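Below sits a lone chain in structure tokens, taken as the form predicted on its own.
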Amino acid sequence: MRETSAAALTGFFTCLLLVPAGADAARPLVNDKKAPEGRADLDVIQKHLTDSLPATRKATVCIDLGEGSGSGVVVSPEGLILTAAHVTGGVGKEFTVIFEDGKKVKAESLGLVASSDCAMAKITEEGTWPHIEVDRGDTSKLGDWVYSLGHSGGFDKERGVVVRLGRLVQVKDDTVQSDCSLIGGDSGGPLFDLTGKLIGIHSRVGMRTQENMHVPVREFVKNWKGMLKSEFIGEGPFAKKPEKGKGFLGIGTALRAEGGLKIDKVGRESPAEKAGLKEGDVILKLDGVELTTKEQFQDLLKEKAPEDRVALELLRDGKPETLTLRLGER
């Protein structure tokens, strides 16, 4: 009989620690212990973390909003992002996403759930993006070891994504709480189990850094289709639904001319100016509705809210053009 090497025995016992008989093969045994019982348990935690960390770091992004920033995580090769509703602040907003290596790409917010702080966004540039797996089976339990990632305090290429290890200390229907340390800038970032599956998104940073609430993935799964359709779902403290009548275009129109309304003024830094509208352009239609009077045009705009997308068909130097833009806020 051949002698068993020490390395082989070590590997055997590590496997026993990782996958107990009759247990879920993906669930580390250390999750079911009140505390690590020795070096071997700590080694198991470390191995899971170091094995899954490279992929999760690559998929964790900074959401640069211009006047502030949050975090998010990419969950599909096409660039679908999960984050917090209070980070995106609304539907159809444009912002910049920054990967850990410093690559910057354009993105746009999709739908959100105002009551639970869920939000989706999408990278609008073509490409195949680093992404992670979502724990759609909702397998995490109270006491599980977890780790959080985020761009704490904003993007810092030299430092990179910040990693914090902890445990789930409270599990409720619409929230989970961990003792991972979080600060400003982490909001919207991901919470992972030890295997690198996404189990939650950072929502509320507590007064103490160890008291933080996360939106569980099940809340995202429940509202997935609606958010993909860019729906503003529910009412709550995390996002305010834009009010109709407050949409702002930023132009002045003269009397009817050439079958439409002639623009005689374009406001500086207005949505109209940013979209490329010019004095002298003649607007023929708004969202497919033919314009007949200035009052009709104003009435149509009164039905629009900030961030609504509108399509304008116009004549410029006698040639037809179509511009699509998002309204600002009055």
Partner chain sequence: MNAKPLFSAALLLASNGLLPGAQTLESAYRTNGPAVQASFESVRDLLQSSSAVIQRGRKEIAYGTVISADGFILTKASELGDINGLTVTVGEKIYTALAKLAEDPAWDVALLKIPAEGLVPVSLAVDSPDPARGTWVVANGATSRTRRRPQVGIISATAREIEPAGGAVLGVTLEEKSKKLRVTEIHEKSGAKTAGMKTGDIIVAAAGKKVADREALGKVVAKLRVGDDLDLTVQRDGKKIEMKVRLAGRADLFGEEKTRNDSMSGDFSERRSGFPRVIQHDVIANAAGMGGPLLDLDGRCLGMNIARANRCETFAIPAGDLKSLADRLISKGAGK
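Keep in mind that this is a model prediction, so the values were computed, not measured. Residue numbers count along the first chain shown, from 1.
The form predicted together with its partner chain is left out here; the points below concern that form.
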Exercise for review: Indicate whether its partner chain has at least one heavy atom within 4.5 Å of a heavy atom of G247 in the predicted bound form.
Suggested key: no
Review point. How about F238: is it within 4.5 Å of its partner chain in the predicted bound form, going by heavy atoms?
Key: yes
Practice item. State yes or no: in the predicted bound form, is some non-hydrogen atom of S181 no more than 4.5 angstroms from a non-hydrogen atom of its partner chain? Key: yes
Review point. Is the gap between D186 and its partner chain in the predicted bound form 4.5 Å or less for some heavy atom pair?
Key: yes
**Study point:** Non-hydrogen atom within 4.5 angstroms of its partner chain in the predicted bound form for each of Q46, T50 and H86
**Key:** yes
Study note, to complete from the structure: Only one of 68-76, 104-112, 121-129, 219-227 sits within 4.5 Å of its partner chain in the predicted bound form by heavy atom distance, namely 68-76
Point to revise | in the predicted bound form, the one of L80, V205, I98, V134 near its partner chain [non-hydrogen atom within 4.5 angstroms] | key: V205
Review point. Who in 156-177 is close to its partner chain in the predicted bound form, meaning a heavy atom within 4.5 Å?
Key: D156, E158, R159, G160, V161, V162, V163, R164, L165, G166, R167, L168, V169, Q170, V171, K172, T175, Q177
